[in-house]
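Shown next as structure tokens: one chain only, the form predicted alone.
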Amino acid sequence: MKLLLIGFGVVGQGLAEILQSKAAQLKQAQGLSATIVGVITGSKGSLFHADGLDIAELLAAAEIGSLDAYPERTGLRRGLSASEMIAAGDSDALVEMSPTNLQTAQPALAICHQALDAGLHLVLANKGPVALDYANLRAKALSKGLQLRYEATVMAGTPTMQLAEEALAGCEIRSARGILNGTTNYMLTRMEAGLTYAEALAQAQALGYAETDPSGDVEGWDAAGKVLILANALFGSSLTMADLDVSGITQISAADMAAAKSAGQRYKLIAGASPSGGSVKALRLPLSDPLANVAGAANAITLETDLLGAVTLIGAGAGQLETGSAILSDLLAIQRGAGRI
């Protein structure tokens, strides 16, 4: 399988490392032989070779900070755009891992449509396209017999979408509610232990959980993007950000945390989706709720079903290898020729 990678930051490099370290195992056990033929980045340059790029040399160049450091090879082309690489016709799947834009999903969305038009399967870690244009992308993939896969967009490597759409395929999912942002969950855990909001945020930033500008996390917008994905994929909704009720954790005080604790409850930022809509809110949960006991930067989701009742999945919601593993699982599903489109 020949891959075009859009983005080669933490996640892209994690995927490359996995493909390198597990190459023999994947080929023997799964029949997957994955070759990276193209890499496009926003700041490090781009590389394309129809016969494949050397992963070790690709990772070494990325560590230096520029794909210009990749050695010259006969047939190597530098500086091509994503459109030019797609048009070259030497790839089977596009893996979109560029930074998420939840306002317009561009430029990734246009590239995704171009890839589908050219007959490429589509794997996304970028939330924007599937959050804002899921129905059109799915319809196009379906019409062309291609797969649209997006496991990495909700809980990184924790198989949320595979659970909901494949393992629970015989069930009616009535709602989904979960902790879908590790930064805020870490902060709330530390605030319950006695830190102020400012102290918890500073600690999260020091550990790399929160950005210098943490607004996307602490105001609920990152989780809101994931609500759109769940609502549109699981319930056939056509929700937009304007349809969601979104708030974050910025107003939660030490007094609020103490009051919840004295009542046998715990604050969590809960992202919820159902056929009737979606929301992101800081809620006080009873300690008997499985979501109340998810600590630190972990993510979790509870799917309410007709046949099994509540099914809760807990796991990592971020990380280099964790997110890379989600992309790998999608590539394996494409290789098997089975799964959702």
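We number the residues from 1 along the sequence you see. The structure presented is a predicted model; accordingly, all values stated were derived computationally and were not measured.
A second form of this protein, the form predicted in complex with a further copy of the same chain, is not displayed here; the remarks below concern that form.
With the partner omitted here, the stretch from 54-62, 269-277, 38-46, 286-294 that lies within 4.5 Å of a further copy of the same chain by heavy atoms in the model of the complex is 286-294.
The closest non-hydrogen atom of D213 lies beyond 4.5 Å of a further copy of the same chain in the model of the complex. Although the partner is absent from this view, G119 stays clear of a further copy of the same chain in the model of the complex, with no non-hydrogen atom inside 4.5 angstroms. Put simply, D306 is close to a further copy of the same chain in the model of the complex: some heavy atom of it is within 4.5 Å.
By the criterion of a heavy atom within 4.5 Å, A167 is counted among the residues contacting a further copy of the same chain in the model of the complex. Checking A282, A69, A316, A50 against a further copy of the same chain in the model of the complex, a heavy atom within 4.5 Å turns up for just one residue: A316. Checking Q147, T100, Q162, N232 for any heavy atom within 4.5 Å of a further copy of the same chain in the model of the complex turns up a single hit: Q162. Each of I18, A310 and L321 comes within 4.5 Å of a further copy of the same chain in the model of the complex, counting any heavy atom. Residues in 244-282 all lack a heavy atom within 4.5 Å of a further copy of the same chain in the model of the complex.
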